[in-house]
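Quick heads-up: it's one chain on its own, the form predicted on its own, in structure tokens.
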């Protein structure tokens, strides 16, 4: 078989815009270039803003994972203002954040992932579905397709839970620096317990069972889309007066050795991204280079100690002892479903520990620092916000998102990021599967490309500036 070059564009059923160029030789993927093609410029937008705007503005990066940007921005502001967080506030904060995790994970499994494995009804939004290699029988197909509708209800209830304490969903307005602005009243707690009970029942009755069924019929995907086993997590669900305690620990997992992450070892690599360094912009500053030879994406590479690392539920579940499996497409899917169930248990426990009362919000008004950095895990992996402040206004705001880790392009040494690594070496046994198999691998990472490419000046339609 001769060398084939395939452009998979756009890759559908994900958040944002993604294109993938593949080379297939003798039935195997021998090269993969994963390209992000949309930028929204939020770091640039933050310049000159009052630093407290970060909680509101950065949430607009994405509609499906917005709360986590508000969360990490709040942690950043807590550090800058030296806030002390009440225990009740931490329970509320984590309930709000967990509710957003739940709607994301449920939607990803049923809305984005399920049509990869199940024949859906021949009506919108499933028209012209690629049904090659769908292995379930007619009864199982009909049953799981029906669960798609139940998932709509469960994800809606997750957003209702979020809005009870967050004020609205998406883009909540209650989880702020210093605490939470909505009072945990008895009626809200009662409503929330009813909602999480329904969500937990859905996950236990449908999502876990459906995941087990799909993993049974697609067991070969436990050996497809594998990565080297290098994982990174900043931890998830913070407690303590200074956000210093993390319920689900983070770490850097490499060669079966788990160490604490060091932020000073994180670096960005623009070797294959459409950026160049320019001396006239100052040391370390970059500018767009859309015609740069050898570049193919607006997403910068993100490295830790010079290596690429994967993040997400598989990293968290492995590091915290909840999942012991491999590094494949199906492992990522199973770990995400397991994490969903564990989060429903946590939310129920936190709701029962909440004390009804006034909004647990205490904000200091004087900045204690002029720069800071905050981290957490988002749905898809490690998330970092950092800021440099002058007289309470932002001089520089940087964001490194989970998708920048997972969808990193090749670095200066030619080493591939996690998704490209997972694709290369994969067998494509027939032409009908040339999009099916790569699509399953890519979607198992839960891609969200809404924050990693270029910024245009609408007046001139030229690229003006990029800050990452």
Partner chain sequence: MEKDNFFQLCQEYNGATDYTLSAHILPITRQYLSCNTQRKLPVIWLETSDSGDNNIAFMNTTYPYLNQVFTDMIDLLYSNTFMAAQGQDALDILNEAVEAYRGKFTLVVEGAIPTKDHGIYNVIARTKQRNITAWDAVTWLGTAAEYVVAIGTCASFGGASAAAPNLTGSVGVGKVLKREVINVSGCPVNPDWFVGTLAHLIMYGRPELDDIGRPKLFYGSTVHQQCQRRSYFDKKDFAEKLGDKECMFSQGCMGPRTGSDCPNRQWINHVSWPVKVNTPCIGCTTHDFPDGSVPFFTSLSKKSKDQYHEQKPSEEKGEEHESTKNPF
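Residue numbers count along the first chain shown, from 1. A quick note: this is a predicted structure, and the numbers were derived from the prediction, not measured.
Same protein, other form: the form predicted together with the partner chain, not shown, and the subject of what follows.
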| query | finding |
| --- | --- |
| Listed range touching the partner chain, judged in the predicted bound form by heavy atoms within 4.5 Å, from 333-341, 177-185, 207-215, 250-258 | 177-185 |
| Contact residue in the predicted bound form, from 117, 237, 112, 304 (heavy atom within 4.5 Å of the partner chain) | 112 |
| 370, 241, 129, 190 - the one with a heavy atom within 4.5 Å of the partner chain in the predicted bound form | 129 |
| Heavy atom of residue 171 within 4.5 Å of the partner chain in the predicted bound form | yes |
| Contact label in the predicted bound form: residue 27 to the partner chain, heavy atom within 4.5 Å | no |
| Residue 103, heavy atom within 4.5 angstroms of the partner chain in the predicted bound form | yes |
| Non-hydrogen atom contact residue 152 with the partner chain in the predicted bound form at 4.5 angstroms | yes |
| Interface residues of 391-413 toward the partner chain, as seen in the predicted bound form [heavy atoms, 4.5 Å] | 393 |
